[in-house]
Every structure is written in C-alpha cells, then in structure tokens.
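The chain below stands alone and is given as structure tokens, in the form predicted on its own.
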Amino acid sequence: MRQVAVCGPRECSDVEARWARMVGRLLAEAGVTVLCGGGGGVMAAVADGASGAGGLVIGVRPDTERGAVCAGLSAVLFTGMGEARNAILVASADAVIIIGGSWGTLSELALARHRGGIPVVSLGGWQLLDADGTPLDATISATDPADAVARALGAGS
C-alpha cells in the first residue's frame, strides 16, 4: 500500500484549493491512500478530491475535537499533540506533496527532508535559501497537479 501525505495551509487560495482537489483525485485514481491534516483549506480540498474519486483518506488531527474535521475523510487519528502531529503525518508517508505554504507546512517540509528517503514535491509555496541567499533544492518542484503526483509516485523524478 502506498501512502502520500498532502500538506498545505488551512487558509489557502482558490488556486491552491483547486490544485489540492486535483492532486487528491489523481492520487485516489492511482490507488494511493491520501494522508492529510484533516482540517480546512488544502487539507479539506485534497480530502474532497480523493474521496470524490472513491479514495481512502486518513486525517491526522492535532487535536481531539471531533467537530473540527473536514468532510471526505475515511478515518481520523485524533492525536491531541498539536503541531507534533506533523511528525506522525510525515513518518507515515511514502512521499509528501506540499501545496502552498504556511508555518505548519514549512514544518512538515522540514520534517520530511530531515527524515530523508522519500520524495518531497512542492507545488507552489516555500522556496528555501541558504545563509548566502542561494536557493536550496529542498523539494522537487512540480508545474501542476499531474506533475506533482507523477513525481511523488516516482515517474519523472
């Protein structure tokens, strides 16, 4: 079973939400289990896209609030661990797709890079620089949702 975490801000743009829905749909169509934070924004959009295509979607929540989950989740893990849940989300994934950017999303990107051994694909969002201002190759850049999914699943990377 392949599991891909899709990470992004709970407050996202319309473009980021559209990308996340498409990523979710494409992952579900590929038979991949989608992992997300189970909240609003990118998380809700990816859950909507994946569940709409009949996919399995697992939400890993930072809290224990049953009413705070987004629609489209097949199951929810209520961790009560706050942002520490990001480590659980990333550790459970065979690849990570980052859509957009927020501080929590940056945390997930850093945890995925620190873990190593898995593709970390970025669709918009953060660009990291070293101390001299030189861009780092922190993620695999994708041009669109189909490219992001292909790179996460190993094609074209």
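Residue positions are given as counts along the sequence shown, with the first one as 1. Note that this is a predicted model, so its numbers are computed, not measured.
Same protein, other form: the form predicted in complex with a further copy of the same chain, not shown, and the subject of what follows.
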property	result
4.5 Å heavy atom contact, Ala71 and a further copy of the same chain in the predicted bound form	no
Close approach of Pro119 to a further copy of the same chain in the predicted bound form, 4.5 Å, heavy atom	no
Gly39: touches a further copy of the same chain in the predicted bound form, heavy atom cutoff 4.5 angstroms	no
4.5 Å heavy atom contact, Ala138 and a further copy of the same chain in the predicted bound form	yes
Residues in 102-124 close to a further copy of the same chain in the predicted bound form, defined by a heavy atom within 4.5 Å, in order	Trp103, Gly104, Leu106, Ser107, Leu109, Ala110, Leu111, Arg113, His114, Arg115
